[in-house]
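Below, in structure tokens: the form predicted alone, a single chain.
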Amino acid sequence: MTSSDLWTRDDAERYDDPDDWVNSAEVTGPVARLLAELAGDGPALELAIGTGRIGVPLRELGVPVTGIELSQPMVDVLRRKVDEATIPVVVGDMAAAEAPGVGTYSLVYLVFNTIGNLRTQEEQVACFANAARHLAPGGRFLVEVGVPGLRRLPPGSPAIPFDVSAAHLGFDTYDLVTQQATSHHYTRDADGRFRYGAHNFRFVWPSELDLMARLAVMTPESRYAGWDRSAFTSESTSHVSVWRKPE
């Protein structure tokens, strides 16, 4: 049984909020274009495809896309955008589920911190192995994830704020021993009241991900600070990393 939080019907209905910057074309467009470049002439598999925030624009660029998604309500929202023939989706755990076409994908990808949804090291290792299993020889596995913000954690403070605005307050709390963390969200609704939501995740370092790739017999190809291919440095707050399966 996966340790991931399971997105509910309410979560799925709110996921494509047009006022959320991550859903804007300015954000999703560069992501889809880089993924299309990496996929080349082959098909792509998105782990945790969700409502198709990235999968749909990637498919519109001509890349055949298949998805794996744990939450049926998220898939139901995706189905309002495209049918099963356009983007097939397997409902299941991204660390173990098998999509059609095992061993044929030129790209498997996992974006927007979703590797952290798997809250044990064992599951994250299994996810890398599952990605490698689906890749064709020479195929690439891409992960986008934040760098743990522990440098910003003041001594004695239980939380790091990541968003403080009129409409939303967001704080991350970290357990430095278990690498378990929780994002706490306080969102202002139209009536002025605040709604609380929490998302649990396991934070992971770039070097740990490199070791997971090595265990899955994949080698590092590139690491960027963002989708614009900017250089990854010690000051970077996130990274887009690519590993490759041997030819």
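In this text the structure is predicted, and so the values were computed from the model without any measurement. From 1 onward, residues are counted along the sequence shown.
Although not depicted, the form predicted in complex with a small molecule is the subject of the following passage.
Judged by heavy atoms within 4.5 Å of the small molecule in the predicted complex, the contact stretch among the candidates 187 to 195, 37 to 45, 217 to 225, 63 to 71 is 63 to 71. Looking at the small molecule in the predicted complex, residues R53, F112 and L118 each place a heavy atom within 4.5 Å of it. In the predicted complex, the small molecule sits within 4.5 Å of a heavy atom of M94. Although the partner is absent here, F232 is not a contact residue: none of its heavy atoms lies within 4.5 angstroms of the small molecule in the predicted complex. Using a 4.5 Å cutoff between non-hydrogen atoms, T2 counts as a contact of the small molecule in the predicted complex. The small molecule in the predicted complex comes within 4.5 Å of a heavy atom belonging to W7.
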